[in-house]
Every structure is written in structure tokens, then in C-alpha cells.
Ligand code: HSE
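Only one chain comes next, encoded as C-alpha cells, the form predicted on its own.
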């Protein structure tokens, strides 16, 4: 048996949707697994020189958690992880590892059904539902929690591309969260709710003008922008190049820009702005990924 898993990167928050909204994009981590005499972990791509190759690897720990939930030990397996999502980028690399490990374990256990069933455990393992939910479900995903547990729903959107720029800056999620106030004025809360509602409508309808007006945040971006040198310059450059809306991806430092066209020019403009600020940047142009995590299982040839 061989299992292949592909997990997309994610853009969490999308401006006003703090901790409650995320978007999956076509930049993937891939995992291959097959039975082996003992655990083997091979790493390629992003983080290959720093990520662990033993039971402490996040993919392995997440897979083991689902097996444990099923009352079983993680079976010995050979894993190959090809990572294309940069670490500590704001693009959901940790969520991709957690979701990838859970999807791998679910396939190994022969479980069928919605990936949404894994949301509770994935969030417990990773801690960021606005990354986990779109990685599982794909597209534009809304997520929240009530007394019955996590609730997530995918919202249909028009086909869309995103320009991404990642400056050579380190921003830890913990540091970015510590900057946020514990309380906000009622006026900010009301404005935030309205912006989220309009943002969802703009994504559904492909209303670029509304997207630009609705992707405004009062809860986290004003506080986190200072952690990203060149932020204002990059945002202005993206808009001058044709971006309708720009947001910090997750807690940063990556920026995501939305536009009907000209994505390569927008990405290049953001990179040039960061370069002028003294920080080189990597860029991507990626489609929105509508499907979320995807799994293929090749059965043992002897059992076919």
C-alpha cells in the first residue's frame, strides 16, 4: 500500500476575518507513506535542514494522534515529505503538516467521509482553525466554535488567483498575538462584523471594488504591521500595480494581494518594495485551491 497526500497552503484572517476565515491556495506540501520495518522520515524542500526526522516530526505526531484516538499504535512506515510551503511564513505550514498527518492516518485506517470530521483533532493539534479548516476543506472557509464544538463551512467563490510576497523577516505567531489588545471598542467590533459580511459577499460575487473596501481590519493588522519592515511600502506598491485588496497572511510576514489580473506584476512590485526596505522577498502567484487536502491510495499489488 502507498498513500499520497497533498495539502495546500492557507491564507488565514484575510483582513477582518480574524481567527474565523481562511483561504486555501495552490502551493502544496506532499506526503508519501508506505509500510516499512521501522519509521523512516525523508524530507525535501522547505525546512528539510531543520525539521525533525523522527517521532517528533509534526506529520508523524499528527498521524499518531489519530491512531491513538482509534486505540492503536502508529504502525512503522516510510514517509517522504516534499515541502513547498515556507516555514514561519504566515502561509499555514504547521497546519499543512497537521492536516497532512491526519489525512494520511485516516486513509491508512480505511476511514471514509468528510475531512471536516478531522477538524476538532486538527485544531487541537495545531491551534489555528482558520488555517486548519481551509487546508481540510479548500477554498474560502469560515470557522468558529460554540458549545457543541467547531463549525466550518466552505463558501463558493469565483475562480481566483493570489499574488504572494514573503520578505526575509521572521515573525512568530506567539509574538504577533501578544501585541493584540485584550479588549476592543464596540465601534471596532461592529465595523469588523460588517466588513467580514461584505468580504464574504465580495468573494462570492467577484466584486473587486467591494473586496478592496471590505478587506480592512481593526483588530490585528494595525498592531502586526510594525513587525514587517516595508509593510506600508509593499501594500502601496501592490495597489499601484493593480491590486484591489492586500492583507497580511495569517500573522505574517507574507502579504497576499487580490486582483482580477496582473498578478505577476503585483508580486514583483511587492518584492521590489521589500527590497527597497532592505529585505529581499520571495514571490508566488497561486490559484485558489477549491478542494483542500487530497489523498490517493494505491493498494498492495498482491491484494488487487
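Small disclaimer: the values here were computed from a predicted structure and weren't measured. Residue numbers count along the first chain shown, from 1.
FYI, the form predicted together with the ligand isn't displayed, but the following is about it.
- For residue 195, no non-hydrogen atom is located within 4.5 Å of the ligand in the predicted complex, even though that partner is not displayed.
- Taking the partner from elsewhere, residue 287 is found to have every heavy atom lying beyond 4.5 Å of the ligand in the predicted complex.
- Using a 4.5 Å cutoff between non-hydrogen atoms, residue 111 does not count as a contact of the ligand in the predicted complex.
- Although the partner is absent here, residue 173 is a contact residue: one of its heavy atoms lies within 4.5 angstroms of the ligand in the predicted complex.
- Look at 127-135, 185-193, 153-161, 201-209: in the predicted complex, residues with non-hydrogen atoms within 4.5 angstroms of the ligand sit in 127-135.
- Residues of 222-236 placing a heavy atom within 4.5 Å of the ligand in the predicted complex: 224 alone.
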